[in-house]
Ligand SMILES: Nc1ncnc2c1ncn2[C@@H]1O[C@H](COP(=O)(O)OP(=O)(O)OP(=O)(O)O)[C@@H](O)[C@H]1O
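Next up: just one chain, as structure tokens, the form predicted on its own.
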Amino acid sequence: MVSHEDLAVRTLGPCRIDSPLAERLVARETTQHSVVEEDRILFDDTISMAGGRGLPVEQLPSLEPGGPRKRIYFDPAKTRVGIVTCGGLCPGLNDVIRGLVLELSRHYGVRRIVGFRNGYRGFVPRYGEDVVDLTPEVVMHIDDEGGTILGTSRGEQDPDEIVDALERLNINILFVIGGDGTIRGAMDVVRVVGERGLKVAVVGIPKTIDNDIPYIDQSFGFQTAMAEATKSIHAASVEARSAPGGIGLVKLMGRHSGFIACYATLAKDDADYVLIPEVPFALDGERGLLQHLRRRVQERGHAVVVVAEGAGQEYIEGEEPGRDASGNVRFGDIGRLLRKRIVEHLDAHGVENNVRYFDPSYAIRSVPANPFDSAYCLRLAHAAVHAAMAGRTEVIVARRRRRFVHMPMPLAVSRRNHVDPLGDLWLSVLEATGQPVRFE
């Protein structure tokens, strides 16, 4: 259970500098009667959870709200900022970069902002990566493009070398945009910064297209990815209905969490089966997937199967999984295996079949953010800048219960967010597809 101590936010010291946004905050207080510094957001969201702790209200675990402060830690005129993007591509990366630069320059008056190329390796001299000067003119229209203008890479780098680069360039604030591996790397940077007695704020904007960061409403780029995935499900349905024994098979992203597969299926109600990592399934046997799929094709003439990439990995044989540069296990291709097994099963039972396989993973993650994610990315960038200028460090900015909050990095990587097999999302998927509760 998350405790009050787990939610404590680190800060570099007291804020003694008047914020350029102070006048705006005073105006807001006169209409809303609230001061962001004094407000707290309860972590628990039900009466039973809060009541079960047996604590008075003022002692319940709570999160520090995001937003501008009247007084800030860093002097904007003397502040130098670094930005880095790490890990796989995700819609909205350029939107976040643009939002950071515009908020820093327009509202705080920070003029020295640089981007580090190709992830954490951009800090390390042996890679020969130069920094990029980021100005409002440079970033003005980058939100029209997918990917990241800074480039990205996977894999750990020596945190001492990263902090060496921060010292050489006199960086006071570092924004890191990435997933759980990136956030863990940022925590190592914070540790070295502390060991050297430096005053450098490290603030994260969590990025995971799979939506598997815990305790937050949603990660940026997920809405875009889900919307793009529906196009492949629709195409698979059209192909399946247009051929005798047609079967559309769509593999979507989701290494450990099946959120994209679930939400895309609900948004485009064409799928007959959804397979996700959180719900094991049997392929063979009278109550297995293959037998059920064969009956469905014989009865209706077609079917659509949606599978998350991390589902059914226990069926992948003869492939050494290996690991990528970030240490993630390289999964076998469950889509290709399912296609092979489906064809073999239907052929063995004399059922005509035409299987069409779709794998839109790279096409989905490289597109520009849709309007929802663009707005969300901008608000995350604003919250990140406010947190950093106020001296917060080793935190991510995120939205929880529709409120922007500061969340300690250790909590953000303490576990993964999963689809609950007993929750209402999976129940909705079962209702939409009509598939059995389990294949066994």
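Note that residue numbering begins at 1 and tracks the sequence as displayed. Every value quoted in this text rests on a predicted model; they were computed, and no experiment measured them.
We do not show the form predicted together with the ligand, though everything after this point is about it.
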Contact with the ligand in the model of the complex, heavy atom within 4.5 Å, among G185, G115, G312, G221 goes to G185
Among G178, P277, P91, G82, just one has a heavy atom within 4.5 Å of the ligand in the model of the complex, namely G178
| Heavy atom of R154 within 4.5 Å of the ligand in the model of the complex | yes
>> in the model of the complex, is there a heavy atom of the ligand that lies within 4.5 Å of any heavy atom of C86, even though the partner is absent here?
In response: yes
Open item on the list: Even though the partner isn't displayed, in the model of the complex is T208 close enough to the ligand, meaning a heavy atom within 4.5 Å?
Closed with: yes
- Proximity of K268 to the ligand in the model of the complex, heavy atoms at 4.5 Å: no
Exactly one listed stretch (185 to 193, 102 to 110, 167 to 175, 126 to 134) reaches within 4.5 angstroms of the ligand in the model of the complex by non-hydrogen atoms, and it is 185 to 193
Residues in 240 to 268 that come within 4.5 Å of the ligand in the model of the complex by at least one heavy atom, in order, are R255
